[in-house]
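Have a look below at one chain only, the form predicted on its own, in structure tokens format.
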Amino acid sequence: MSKVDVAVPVTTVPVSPRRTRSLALPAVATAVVVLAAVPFYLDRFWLTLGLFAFAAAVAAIGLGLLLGQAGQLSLGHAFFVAVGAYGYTYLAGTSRTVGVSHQGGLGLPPLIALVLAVLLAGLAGLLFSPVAARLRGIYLGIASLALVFAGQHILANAPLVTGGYNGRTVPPLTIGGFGFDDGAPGTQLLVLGVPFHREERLWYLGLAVTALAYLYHRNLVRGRPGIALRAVRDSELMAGMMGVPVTRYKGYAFLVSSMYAGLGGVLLALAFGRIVPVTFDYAMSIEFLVMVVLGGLGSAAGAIVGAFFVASLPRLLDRYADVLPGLAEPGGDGVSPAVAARFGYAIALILLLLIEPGGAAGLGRRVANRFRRNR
């Protein structure tokens, strides 16, 4: 296969100047403190909403790294998310018979299963990297989209691992004897008088993992790997002339991005409690792409903002469908919340890119610069 030299222009977010960095860390720290207090004040619906948003944010950071820093378009992100979700479920699950089908499992400790699932997703990305090394732009996007269709077929026809079309239950996570499920009756966990159920416990797990994912991305893009990735993104020829091993860094970008996706997949599986193949279809890949474009390509903070918006909007519309005009249940007279959410994505994407091509991250920098000038 010959190398395709067709490139798609990518709007990227440059590394913030030092003065902007001085404002970014306090802002992130403030956000973490506020989010840490959320379980004490909000009910189960909002906590569950946050769990899905955290899972989406981790995976979106990985796609933002691949697209914004390395300049590689991927429409197969849902496949790697599925590898993480089902990898954890199979590795931590046990063999059992459900109805007429048999589901396998290795019964590994959940924490080990989590780590192995992330590594498995990274391996899948690494195996795909030779294709990424030979294709660029829309051609790479189409090739990666094939992973999603292949993955859907495998997930639906491998009941021993995935449970088939009906899916399978996700084993609860335990770390050092501490369980993130509700536990046995009579063992309720109280923190400052507030009962901590499954949602409260998983909320802090999602918050911690998202914060670590953000910090790792931040350090990576500011170090030598980040410089090399941007050199490859801007010009593979010039990067090679400067001594950057282009093929190696393309593979590295897919490896790290896939591991982010796998980690997000594990969080998503834990949030659902039960996963089915149809969840990880091409629509999920498109949603991840919308997340990183809305947030600003190459920005981890922007990817988190975009993920919270895209992951939360359909569930919010579904919750308040009875009071919002024009919305109705599927099959009723009106627009379903899922369809309305897609319209919302489109409108937000068009308006934001017209105002600020750098997405939410670019808009945030513009506001911060204006704030500094007014001081």
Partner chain sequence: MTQFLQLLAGGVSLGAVYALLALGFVVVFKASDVVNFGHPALLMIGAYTIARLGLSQVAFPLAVLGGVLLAALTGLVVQRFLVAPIASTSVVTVSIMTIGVDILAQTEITRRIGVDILSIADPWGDRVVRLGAVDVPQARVAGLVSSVVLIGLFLAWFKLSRWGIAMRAVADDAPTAALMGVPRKVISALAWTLAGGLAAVAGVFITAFPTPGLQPATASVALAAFPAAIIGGLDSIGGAIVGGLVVGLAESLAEGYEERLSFLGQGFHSVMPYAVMVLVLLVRPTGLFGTRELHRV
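Numbering follows the first chain given and starts at 1. Just so we're clear, the structure is a prediction, and the values are computed from it rather than from any experiment. Throughout, rigid core stands for the largest set of C-alpha atoms superposing within 1.5 Å between the two forms.
The discussion below concerns the form predicted together with the partner chain, not included here.
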From the list V131, L123, L116, V209, which entry has a heavy atom within 4.5 Å of the partner chain in the predicted complex? V131
Of the listed stretches (84-92, 106-114, 298-306, 150-158), which one has a non-hydrogen atom within 4.5 Å of the partner chain in the predicted complex? 150-158
Answer yes if any heavy atom of L205 is within 4.5 Å of a heavy atom of the partner chain in the predicted complex; otherwise answer no. no
Indicate whether L353 is a 4.5 Å heavy atom neighbour of the partner chain in the predicted complex. yes
Quick check on L173: any heavy atom within 4.5 Å of the partner chain in the predicted complex? no
Closest heavy atom of R201 to the partner chain in the predicted complex, within 4.5 Å or not? no
Contacts from 121-140 to the partner chain in the predicted complex (any heavy atom within 4.5 Å), listed N to C, are V131, R134, L135, R136, I138, Y139
Superposing on the rigid core, I want to see if V33 changes position between the shown form and the other one - specifically a Cα shift of 2 Å or more. no
After fitting the rigid core, is the C-alpha of A360 off by 2 Å or more between the shown form and the other one? no
